[in-house]
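What follows is a pair of forms of the same protein chain, given separately as structure tokens and numbered structure 1 and structure 2.
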Structure 1
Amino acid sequence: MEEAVMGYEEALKKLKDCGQEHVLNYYEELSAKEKEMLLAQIAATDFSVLSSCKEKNEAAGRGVIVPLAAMQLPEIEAKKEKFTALGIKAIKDGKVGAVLLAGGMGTRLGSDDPKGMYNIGITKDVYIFQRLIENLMDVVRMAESWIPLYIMTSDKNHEATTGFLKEHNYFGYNSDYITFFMQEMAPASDYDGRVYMEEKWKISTSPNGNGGWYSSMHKWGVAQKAMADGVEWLNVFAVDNVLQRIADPCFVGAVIDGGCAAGAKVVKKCTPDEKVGVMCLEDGRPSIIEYYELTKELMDAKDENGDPAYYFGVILNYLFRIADLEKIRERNLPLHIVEKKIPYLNEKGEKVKPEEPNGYKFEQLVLDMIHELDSCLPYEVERNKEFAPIKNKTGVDSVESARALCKENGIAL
């Protein structure tokens, strides 16, 4: 992508307008190349996100929440043949693509490498990327057709990700069907919304969350190419679930059959207060309530069968119809403000790596896209067969718990 050109005066004006003049504090000390890089970064940065720090403590306020029934396992089992045939046909017709969200920093796992490069093997090497590709290959074999795989990286991990996959020969995937694109970055700031500097010539940035994936895919021309190739559906999934079923024909078929704009794989929560977002209807549109927004009243609510009404948690595996994504591409999604440890330059220009959180990063989330759409099918899957997220090294949602689940599913590690 082309970088905008901006002169010093213009950059200073842009910064003054949003109270960020300190970004140019070291300008006179910089080399010509560094000056150029800083001006290009100022031109490309959207500083408007920083003003949302001030509103951080104002509750976002939700609409009227009512339950949204999920399609549950018995119904799926009964219609499995029909749905699978529909899904396989769509895949064979080249209408289904898969989008791997791999732009995150994986800070909780604590490795400097991209999360997909993490080796969960015990007696042999089994990388997270490898596990995902192996799962996708099951469907490729079943449909006898390659599925376009789009991989989103970020400025922080693009080189490492592309290099690693190439070095491993894409774990057997046909590289003609793999396309990379990069997500946008957002500035990171202190608690007053003043951006940190990472270097004298560089504003501190972090990936802007997984909610911008479609607009980034479009900016890179990858979405247009997919549409020109006849892709109509995109299955978006997280890098860290090593039991992730991708382009699952039965799921694809169920969403097509239901005439929905999207589908979301969901699992029954294991406890009412489990930390997953749950599906609901908000002001008549599909939506996801985050676990910390789930009031006691909603947690205890029951449906007509006496089961908990807000029972199905999302697992970051969604199917979107591209035609509907196009309609919402320009819309602004809510901004989530996350406290983080942000390395920065202090007043003396020395690099500091904080031990404790010292500011905010700004993210948009894919789950907020669901509320923009007219319909979404919550589709239940068996959690022990399809949900083994790796967020931490040990404990809940960890390398340890994912290894145990792989073992339970007969996957040799």
Structure 2
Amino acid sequence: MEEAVMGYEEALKKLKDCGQEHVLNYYEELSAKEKEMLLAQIAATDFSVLSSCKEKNEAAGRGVIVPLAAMQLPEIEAKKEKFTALGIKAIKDGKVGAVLLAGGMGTRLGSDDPKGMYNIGITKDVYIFQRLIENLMDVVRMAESWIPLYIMTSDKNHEATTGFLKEHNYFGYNSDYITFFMQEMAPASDYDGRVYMEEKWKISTSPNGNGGWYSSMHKWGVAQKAMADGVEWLNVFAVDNVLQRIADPCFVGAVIDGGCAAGAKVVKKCTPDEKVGVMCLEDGRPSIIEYYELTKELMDAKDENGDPAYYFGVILNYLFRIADLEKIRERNLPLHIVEKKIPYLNEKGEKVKPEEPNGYKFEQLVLDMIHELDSCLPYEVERNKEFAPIKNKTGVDSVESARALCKENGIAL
């Protein structure tokens, strides 16, 4: 057996220092392999996030919010040739990579598999991963150049994801250009900041939020490899939108042309209270206000054309300049504390599946990365052509609505 990353005494000291000694309560009952796994997890876990439980009610307020004008469809159309040529050149020069955030499971869709493995086909198999790769392949063909694709998994779905994509021959993508890395995990705790145990040999953890993707990429050495390969821009996107364009040359060109540190694809909201975050300036820097933070005053505000001033919702498709990500990497992004139902072992070592929220998970969000940057271009895309998120089984933003939009766009399911 390989030596554990950390010895028992060292692990105990680390736990004592942060008041989490109970993590070793069952240590003597464990097999050699389980002991090794638990010690390795203790070594890898950052328990400092738990102290933020105590500061939960002292969250900082928002700064001064003013509108940030988006580049809208007519302007994009008018400059399409110029932007696209710029974007194609950057892709051909190997400067653009794509990062797929695929750490989640299909639980809300009634599936125990990674979300990307969900099959939305009706007459044939069409998987979410397949749709995303086919969208990226459109650009590969257009630029006549492969685009490095970095896929972020989590400890809950890494094996299943890598196995599934290999089994399906990466849906035609050149595997030499695919690199996997795993999302860092954050411990989950009760309301007092005491970590829950998921098993006698495993601390309960959850992915550290969509803002943790770059630090995770760095931890795995994947960001360093990208930079060594000459990649300067990363298009990061969520797994659940089956219509999004990835490494879209026109979008890449518009951000480069504008001299911006980042770009965000946005769509016009269908209702003022739609559950999407909107782009704005906060204290003079680009920012995103979540839908639940929009006051009535902000919802009712109008721009010079009489349109809503906070009209454009983000779709979790961003382009970041790596040089700027490197500058902000050492800064600690704010932690968002989310109340959740967390399965755990009780005092008797029995598994409990709570009916009500019973503790906190800790996340970093992409919107905080945006706010660290000096500039961000909100870039409008056509909602019906690029926004088909799958969050639910039926109803709004569901498998049903995504299927209808795929059909509308001539995609055979």
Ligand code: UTP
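Please read all numbers here as calculations on a predicted model, not as lab measurements. Only the largest set of C-alpha atoms that superpose within 1.5 Å between the two forms is called the rigid core. Residue numbering: sequential along structure 1, first residue numbered 1.
Structure 1 is taken from the form predicted together with this ligand, while structure 2 is not. Remark: with the core as the superposition reference, the CA shift of residue 20 between structure 1 and structure 2 reaches 2 Å or more. Positional change of residue 169 between structure 1 and structure 2 stays under 2 Å at the C-alpha, relative to the superposed core. Once you line up the core between structure 1 and structure 2, the Cα of residue 107 ends up 2 Å or more from where it was.
Superposing the two forms on their core, we find that the Cα atom of residue 357 is displaced by 2.6 Å between structure 1 and structure 2.
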